[in-house]
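Coming up, as structure tokens: structure 1 and structure 2, two forms of one and the same protein chain.
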Structure 1
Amino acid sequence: MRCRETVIHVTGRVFALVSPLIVALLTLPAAAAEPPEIVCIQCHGSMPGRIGEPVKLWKGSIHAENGVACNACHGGDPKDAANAMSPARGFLGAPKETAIPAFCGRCHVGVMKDYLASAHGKALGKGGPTCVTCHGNHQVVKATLDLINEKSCSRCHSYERARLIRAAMQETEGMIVAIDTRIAAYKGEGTDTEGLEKGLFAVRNRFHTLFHNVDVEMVKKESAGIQGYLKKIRDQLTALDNSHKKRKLAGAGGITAMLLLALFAHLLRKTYD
């Protein structure tokens, strides 16, 4: 199961990585001009209130960054203003509360499965949160643990259990961030970090799918395994650190040798004065 979900996640990520390239490809001939605005944005952007609001919010989202526009979520025809919102062109409208998980789940398949199986998913329509309760509907930003906070999670129940989950995830999150920084530093020096990056990428994905189960025990159990993988990556980085330290030592030796040889040549030269 996990494995298949990871595959789906990786596909999503790859799409995410590739989509900016596709956007760039499309815009290049126009000498890096803005992509032509789709009719949804043109029309909605000029409207007040709840019809116009989504455009502003969406512009700051990770979806906008990755080229997931209005029609990717709502369907419809982004090129034909007259029939843009015709159901015949695949327009879905705005989802009702109970339809939201499936709405987002078209792309975030693994998350949706975890969510539906969780206490939150089971309470869907009966006071449980949907995806947009936590992520917002249009201004969806990159997910971090900061989404678990007292203000957001005490809306329906006490923060206690939320705190436990966050605490269980915090350590692993910290490790991931630290490893990511170290890998980035090596990459900037010409070290081949492709293997390390791929490893971290897979572990990070596995880790990030954990939350939606909202199951403290499961988070704890899985975290141990994930940290095991992270430690392996960390060991590889430490081995790199050591070999670089050795290089610096050898370099210092080389420089000293050159200076001594220079001194020797100088003294030899002086013997002829």
Structure 2
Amino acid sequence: MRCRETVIHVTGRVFALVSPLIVALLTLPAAAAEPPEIVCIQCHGSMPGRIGEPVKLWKGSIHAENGVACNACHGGDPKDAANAMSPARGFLGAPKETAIPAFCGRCHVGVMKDYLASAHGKALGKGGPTCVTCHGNHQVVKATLDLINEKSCSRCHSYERARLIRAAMQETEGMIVAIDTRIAAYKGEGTDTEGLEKGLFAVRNRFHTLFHNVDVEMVKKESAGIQGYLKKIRDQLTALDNSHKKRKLAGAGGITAMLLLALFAHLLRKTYD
């Protein structure tokens, strides 16, 4: 009883010490945790119609999700409203159609190379699609198989070849997503997943090179090869699963043994009493 009263007393003192800190943290202004917006967003975001639309679209993009803002693509000074669109500060504006691949390729070098080598890239300036045709310009979407769809592809040609390419890549993408989820779960538990992450990153990059390839047989062959590497990563995860199960069983066995030992000691003491 005395022990319980001591615990309650100590707990009360600790709470009395930390509660003012908790209250202070909870009452901090919400804006303190958020970086200030760049002037492009502050200005255009408050405007209606065509001038404000890019900001609204950008907020739903993969660029916004990864902290890539207006100046990363269009240049200019993001902190000075008077010089935000000054060429002297590196402002580039919007590129012409034929310059779009090079414009996006400043960051996506490998993707630009894949695009230019493809049938789409070779049709640049001749009615062929550019990066923004499929990915959008401000509401830029992530490269997934959702981009290969009948509505988008049939704007320019028959969907049949694209359908075969998507089917060849479907299982591979599913494997990548499943493995990524398993790695994230282990990382969340504090497990060292650096090697697994690097392996998946390399495989995913190889997979993404297929998105601009329109050679059905080559896509099928490459996708099969990529699946081989993914299975190796999956085997590593399975080995990790088994190792964790053994640890949990060993831990459970240890706890059970301690409980039995405590019970035996208790019965023994009662016998002598």
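For the two forms, the rigid core is made up of the largest set of C-alpha atoms that agree within 1.5 Å on superposition. Bear in mind that the values here come from a model prediction, so they are computed numbers and not experimental data. Numbers follow structure 1, counted from its first residue as 1.
Only structure 2 matches the form predicted alone. For Lys59, a C-alpha deviation below 2 angstroms is recorded between structures 1 and 2 after rigid-core alignment. The two forms, fitted on the rigid core, differ between structures 1 and 2 by less than 2 Å at the CA of Ile226.
In a rigid-core overlay of the protein, Asn71 has its C-alpha displaced by under 2 Å between structures 1 and 2.
Core superposition places the C-alpha of Glu194 4.0 Å apart between structures 1 and 2.
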